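There is one chain below, alone, in structure tokens, taken in the form predicted on its own.
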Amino acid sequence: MTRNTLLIALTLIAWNLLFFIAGWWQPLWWLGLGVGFALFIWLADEAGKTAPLRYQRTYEVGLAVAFPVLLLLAWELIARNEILNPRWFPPPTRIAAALWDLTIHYDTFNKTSMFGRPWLFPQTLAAEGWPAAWSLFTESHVLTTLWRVFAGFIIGVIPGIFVGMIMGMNRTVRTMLDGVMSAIYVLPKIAIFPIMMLVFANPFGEGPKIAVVAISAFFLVAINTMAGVRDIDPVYIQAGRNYGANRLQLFRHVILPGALPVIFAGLRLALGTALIVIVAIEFVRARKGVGFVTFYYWEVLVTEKMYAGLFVVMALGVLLTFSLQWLERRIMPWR
């Protein structure tokens, strides 16, 4: 630790002690937090500059964890001191307790649970058989939401990549479809949901929900795939032709690898959008799912459980993004 880093750290500690000892926290909380976070950023910046290269990854992980923890701590202090109304902005400790309650308890009214009670699976399977054991998972809000996201994502992504590839390689097809896709793409995806309810035989089933997710993913992936194919440097294509590559070889060894980075950028956007869309749909037309839980507890004004549902949505977003990044590293090891 350098002299500057130590000095900034001591200043940060002294600033917070001064606020608590002098009793300034409640009347001047905004000043305390503002200066405190500014000092923390300055401290982190100095530590990053002086950290040895072998510890850079550890530093980045620590910073990525420490800053959200500090935000939660600030929220806890503000809510506990009733600077924010704890009825509408409950402290994180109450939200954590509510999430634990949603995890371990079964809602007898809705016949659902947050994660499906997997700890009961072995004894239920032995006592009542496979159908009863499987019902433990089907009651899960999280698994229901994930199923809708994955089903819609896969159904939308496969034709999206195919159409985007054709549009990128064929000017005629691109000219035909570009205007239509641009017009439909800007429609709010939640506005398509009533149309899907008219199309499917069971308007209250899973079909309309999955179809809207698929449509949302399709346009994002198709547009990004088209852009990825069009942005490939013509020199690479010409080099492949000069080495005698036919169309299939050119597609496999030049066009597809060259477009993959932009395709995966589209996949990340599509996956995040799929989660946003399905949560919005679960707000208005579902009896199961994380969106339903969040909206249900908003209606009955149990705000800590509403925030717990929002936390689960954020955790799912992080999990899905990291999973797609892991897949990207496996498919594109050269990056």
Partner chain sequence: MDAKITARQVYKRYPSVDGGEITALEDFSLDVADGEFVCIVGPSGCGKSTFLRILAGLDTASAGSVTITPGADPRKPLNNVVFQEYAIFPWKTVLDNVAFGLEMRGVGKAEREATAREWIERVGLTKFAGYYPHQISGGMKQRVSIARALANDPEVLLMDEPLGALDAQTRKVLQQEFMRIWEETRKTVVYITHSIDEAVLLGDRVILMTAHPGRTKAVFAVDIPRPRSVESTALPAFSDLTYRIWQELEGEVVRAMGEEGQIKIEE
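Note that the structure is a prediction, hence the values are computed from the model and not measured. Positions refer to the first chain, counted from 1.
Heads up, the form predicted in complex with the partner chain isn't pictured, but that's what we're talking about next.
Stretch 243-251 is the contacting one of 184-192, 243-251, 88-96, 153-161, since its residues have non-hydrogen atoms within 4.5 Å of the partner chain in the predicted bound form. Residue contact check for residue 108: none of its heavy atoms lie within 4.5 Å of the partner chain in the predicted bound form. In the predicted bound form, at least one heavy atom of residue 238 sits within 4.5 Å of a heavy atom of the partner chain. Using a 4.5 angstroms threshold between heavy atoms, residue 257 counts as touching the partner chain in the predicted bound form.
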